[in-house]
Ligand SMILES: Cc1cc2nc3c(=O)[nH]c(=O)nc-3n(C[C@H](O)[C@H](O)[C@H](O)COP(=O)(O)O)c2cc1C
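One chain is shown next in structure tokens, namely the form predicted alone.
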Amino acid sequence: MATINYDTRYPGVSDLKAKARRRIPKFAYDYIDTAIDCEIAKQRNRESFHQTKLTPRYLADVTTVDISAEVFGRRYAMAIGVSPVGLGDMMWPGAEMALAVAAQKANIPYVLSTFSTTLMEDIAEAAPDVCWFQLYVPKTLEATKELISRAKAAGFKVLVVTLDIPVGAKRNRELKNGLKLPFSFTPNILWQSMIHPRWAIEQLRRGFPDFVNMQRYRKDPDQGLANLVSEFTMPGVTLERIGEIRRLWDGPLVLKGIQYEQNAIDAMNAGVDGIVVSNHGGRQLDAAPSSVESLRALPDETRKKMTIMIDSGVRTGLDVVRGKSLGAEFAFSGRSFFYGVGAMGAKGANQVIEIFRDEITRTLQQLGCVSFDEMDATWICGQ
């Protein structure tokens, strides 16, 4: 039966979230926690998972269950991976590397953001078997080629192209905090840092985070986050550019941010290997459907010909199993893992992994499902 191999003071991601909110400066917590406008899309993501009901099947021996999952020819320990999060080391110094090391040890995917604060080559060295690279598509083809070439040379296994940021978002909490990179020590940010001395001391010791993979592309060192994204990335990734990326990258290619049914068909026709159904955690458009709603609407032909994955709103092992019942072979979460390192430092990476492992295992046992691979739509209540 499932055993608990984590700190029971924080038995769920929600507990880590509460601890992180107390432990790190408000501007750092707000950066990972915030969403767009009234933050309704973020709430909708969670509500849609809650509304997905599964019917248990008893009279089965569930002493052991297989929670592993295969994607792109590799079998991972479980169907949860770390979503890309820009500026990750702001949550806790060394957060990105801690998560990469933990992911390698646990055999789950770690997706590094273009806007990470750790060199992509260092992450690939630390997580050689499980590292994926998320590409924010640059405006210029030259920069696109350079980043893909670096990812290929470093040994990243999967290229994840993000579609759902055609423009930098106006997130109100971020604007109020006045967050910029390099750090601009306004009175507000200085005060928040001072009242969280452990965070501040560690940042001083390691050096304050910056977009180290982006330095050669920045025109203004004092750009705000939204302006930097808007300045660098394409104002809407085109199918033509996806075709060029397909020719440049010979490994598994994934499009992240698919919500519209025709876009899924377009991805399939462009030779893409998989998609991540996502609304970017509710951080881009408050009127967007939840990731679960978009997953339910996918055309059947795309489910048969591509690997379907989901993120946005995933907070529990139950959510991972729910996603599989809805047709997602794999699930990803960014906030869950970064709440973990915000709450516990490097130890938080393993804490979140073990919480997901425990919850996925117990959920399958409770349902009477002996293998994650066997979970499908027939388990959904009312199907």
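Please read these numbers as outputs of a predicted model, since none were measured by experiment. When you see a residue number, it is the position in the sequence shown, counting from 1.
This protein has a second form, the form predicted in complex with the ligand, left out of what is shown; the following refers to that one.
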In the predicted bound form, S333 touching the ligand (heavy atom, 4.5 Å)
yes
Does the ligand get within 4.5 angstroms of any non-hydrogen atom of F232 in the predicted bound form?
no
With the partner left out of view, is P209 within 4.5 angstroms of the ligand in the predicted bound form by any non-hydrogen atom?
no
Spell out, yes or no, whether the shortest heavy atom distance between Y136 and the ligand in the predicted bound form is within 4.5 Å.
yes
Go through 195-203, 296-304, 128-136, 151-159 and give me the stretch that gets within 4.5 Å of the ligand in the predicted bound form, heavy atoms only.
128-136
Look at the candidate spot formed by D89, T118 and N213 and say whether the ligand comes within 4.5 Å of a heavy atom in all three of them in the predicted bound form.
no
Here the chain is shown alone; which of A102, M309, V85, A95 has a heavy atom within 4.5 Å of the ligand in the predicted bound form?
V85
Which pick from S113, T144, Q259, N177 sits with a heavy atom within 4.5 Å of the ligand in the predicted bound form?
S113
If we check the ligand in the predicted bound form, which of the residues in 14-39 reach within 4.5 angstroms of it by a non-hydrogen atom?
Y31, I32
